[in-house]
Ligand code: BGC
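What follows is one chain in structure tokens, specifically the form predicted alone.
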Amino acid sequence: MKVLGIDIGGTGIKGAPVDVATGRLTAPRYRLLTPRPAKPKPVAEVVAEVAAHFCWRGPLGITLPSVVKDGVVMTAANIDRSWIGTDARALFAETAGLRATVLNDADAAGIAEMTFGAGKGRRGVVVLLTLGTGIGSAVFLDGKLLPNTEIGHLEVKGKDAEERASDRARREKKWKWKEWSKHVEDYLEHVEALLWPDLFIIGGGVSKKHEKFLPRIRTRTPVVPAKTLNEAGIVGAALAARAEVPRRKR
């Protein structure tokens, strides 16, 4: 079965059809700029445009950089605060004329990674962390997602973890990889103390340069780079939408 996955980010909205049995994109990604300001209606119109590009008529999975409960947006990161309280599932369905599933972007990346990436077949507690503009998180127990975790905002040494361990912090403060990796290690140790995970998976764009910082990190828990990289949000959104199809039919 193919499902269209769409990943909404702070700068771009990208999508592609996904073969949910293999995790492979069946057409090249199509990307448009995220509207400014990123308010609900303009963003929904771009999502509809991405779907129209593929002449799509089937299920649609969509990520948002937000806590999403039963399709309703509870927080807003890198999108306009007017999203808070919006029934995103209904908005996207109405605008695109398609059945829509909406979930947190890090949760989508985690679903993709647990299904086709470094977390495949792993039991116990697995924590995926996306180190980018902020820190996204997805927590799994025996492959099952605990949705909408926000452990990127834990306080570490008196600071929000994102202010030291995100890739944005590394770039803004012009830290060398060695210096930044120590901040990442401090953050991972804090998460270890709370969750006692069996595996950390590091995603986000910086994971493509994992050889520059992961070998420097010493934690009790094994730490590995994500494998699905830039396609993770799209693939995870598609998988989440596919999982909802039989549930909605009951």
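Residue numbers run from 1 along the displayed sequence. These figures come from a predicted structure and were not determined experimentally.
Note that the form predicted in complex with ligand BGC isn't included here; everything after this is about it.
> Might G134 be said to contact ligand BGC in the model of the complex, defining contact as any heavy atom within 4.5 Å?
Yes, G134 is a contact residue.
> Just to confirm, T130 within 4.5 Å of ligand BGC in the model of the complex by heavy atoms?
Heavy-atom contact with ligand BGC at 4.5 Å: present for T130.
> Examine I111 and determine whether its closest non-hydrogen atom to ligand BGC in the model of the complex is within 4.5 angstroms.
Answer no; every heavy atom of I111 is more than 4.5 Å from ligand BGC in the model of the complex.
> Using the partner position in the model of the complex, report whether T115 sits within 4.5 Å of ligand BGC, counting heavy atoms only.
It does not: once ligand BGC is placed as it appears in the model of the complex, T115 has no heavy atom within 4.5 Å of it.
> Let me know the one among A77, V72, V156, L145 whose heavy atoms come within 4.5 Å of ligand BGC in the model of the complex, would you?
Contact check passes for A77.
> Ok, P65, G204, P59, P197: which has a heavy atom sitting within 4.5 Å of ligand BGC in the model of the complex?
Contact check passes for P65.
> Which of 84-92, 118-126, 175-183, 101-109 has heavy atoms within 4.5 Å of ligand BGC in the model of the complex?
Among the listed stretches, the partner-contacting one is 101-109.
> What residues, if any, in 141-180 have a non-hydrogen atom within 4.5 angstroms of ligand BGC in the model of the complex?
Residues within 4.5 Å: E150, H153, E162.
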